[in-house]
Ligand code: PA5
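Just one chain is shown here, as C-alpha cells, and it is the form predicted on its own.
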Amino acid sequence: MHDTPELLRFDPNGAFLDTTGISRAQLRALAPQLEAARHTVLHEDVDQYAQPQTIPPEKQPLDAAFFPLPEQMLAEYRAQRAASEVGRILATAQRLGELVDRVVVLGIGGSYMGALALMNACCQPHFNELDRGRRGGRPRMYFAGNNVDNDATQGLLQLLGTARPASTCDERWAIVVISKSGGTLETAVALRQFLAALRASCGNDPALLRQLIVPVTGRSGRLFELAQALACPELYYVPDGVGGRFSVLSPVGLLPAAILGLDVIRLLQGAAAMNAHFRTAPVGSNVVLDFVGVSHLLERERGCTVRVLSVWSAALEAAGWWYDQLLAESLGKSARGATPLTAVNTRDLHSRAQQHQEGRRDKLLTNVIVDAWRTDPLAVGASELDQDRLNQHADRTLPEIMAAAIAGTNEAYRDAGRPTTNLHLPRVDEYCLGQFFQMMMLATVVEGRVLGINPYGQPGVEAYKRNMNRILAGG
C-alpha cells in the first residue's frame, strides 16, 4: 500500500469479507480514532515524557523514548563517529571478535529476544556451525539467562569448556549480560554461574576477565553495581524511558548485532524510515495505522482475539516470538488484549492449518511474506528415480513452490471466510528488520491508545517475580 519499494507493504484485502470480516467503510470510519492515537504518540506522549510532572497517573509509566531513538542515535553517529554510542558499540564488537570465538548473551524477555531475532533473520541459518573463516571472523553466539533449565545451562557450560584455562582465540569466550535492573532472577542466577566459569576459563586473571564481560544495564541497580565491582572497561546503558520489550534498537539489540557483524546503521535507518512514514502517511496507506485498524476492528466486530503471525520464512520465527512478547505484555492487561501466536509456514500448515481454517472463528491471520530471497533459487531438479513424480516439476524452484503455497493457503482461508492480511518484507535484511521492529512497536502503542490501555509497564510479570522471590525465601 506504499509506492516506495524499500518500505514494508501491508495488504489488508483478505480481511474485507462480507459476513466474517470487516469492510473498507469501517476502516475509514475508524480513521479519526487512529489519527488521534497517532497524535498522542507523536506529540502528547513525547511532550509529557520531556516534562514528567505533566504525566497523568493513568499513563504511568510512560516509556516513550523508544520512538525518537533511531534518529537520535544516527545523528550522534554522524556527528561524533567513533565517540558516539554506535561508534563505541562497533569498537567493542571488533575487539571481542579478535579476542574470542564464542559470546554468550545473558538476558530474558526483551533483553534477548530482539538480538535472537536479528541473528536468526540476518545470519546464515547455521551460523554457529560454520568455521571462523566462513563466519567472517565473527564469534558464535549463544543465548542463556532466559530460563532456569538445569540441563540447558549445564549443556552450554560443557560446550564452552571450563576444565582448563583458555589460551587461544578459538578457546576463549565472553559474556554480554543485559538487564536494566540486574534484579531479574533468571539472568542474575545465570550471570553468577557463567561468571564463575568465565573466571576459571581466564585462569583467574582479573584483568582478562573484565575484558571478556560487557554489561548492558541501567544507570543504577544490582548489575550496575556488579559492573563497577568488576571494573568493566566497557559498559552500555539501556536508555531512560525505554522499556525492555521496546529496547531492541538500543545497545540491548545493537551490541549483539554488531558482534555478529550485522549492519546496525542500516538497522537504525530502517527504523527511521518507518518513523517518517508513520508521521505523515494517512489511514489507507499507512502500514502502522492500517495494521492497527484492521486488527482492532476484527477483534471488536468479529471476536478475533487470537492473532496469528504466519511467517513464510523460518528465519523470521524468532522475530515472531519477539512480537508475541511485545503484544502480550503491552496489551494483555485488565482482562483484555489479543493473544499472539507465531506460526512458520509451510512447516506449520501440517499442524495448525486445520485449526486455523476450520476451528473457532476467533483468529486473524497475518502472513509475513518475503518478496526476495537472499540466495539463488534452488530448483527441484530432475532424477532417474521418479517414483515421487517430481520430474514434472523439475524446473520449479523453492521460491515458486513457496509462492504457490502462500496463494493456495490464502485462497483456502478466503473460501472458508477467514480474515487474512499480508505484510510484505522486500527482503530479510537489517534495513527491513529495522522497519519491522519499529512498525510493530508503534502499532502496539497506537493500539493501546485506541483501547485506553497503557502499553507500557508489566504488572503481571512483576507479580510473578514477587511471588517467586517470596517462595524462594521460604515465605
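In this text, all values refer to a predicted model and were calculated from it rather than measured experimentally. Residue numbers here begin at 1 and follow the sequence given.
What follows is about the form predicted in complex with this ligand, which we do not show.
Proximity of Val311 to this ligand in the predicted bound form falls outside the 4.5 Å heavy atom cutoff.
Residue contact with this ligand in the predicted bound form: Ser181 places a heavy atom within 4.5 Å of it. Residue contact with this ligand in the predicted bound form: Ile108 places a heavy atom within 4.5 Å of it. Taking the partner from the other structure, this ligand in the predicted bound form has no heavy atom within 4.5 Å of any heavy atom of Asn275.
A heavy atom within 4.5 Å of this ligand in the predicted bound form is found for exactly one of Arg245, Arg172, Arg138, Lys363: Arg245. The partner is absent here; in the predicted bound form, the one residue of Asn146, Thr342, Ser84, Gln325 having a heavy atom within 4.5 Å of this ligand is Gln325. In short, of 333 to 341, 353 to 361, 109 to 117, 376 to 384 it is 109 to 117 that has heavy atoms within 4.5 Å of this ligand in the predicted bound form. In this stretch, 442 to 460, the one residue having a heavy atom within 4.5 Å of this ligand in the predicted bound form is Gln458; the partner itself is omitted from this view.
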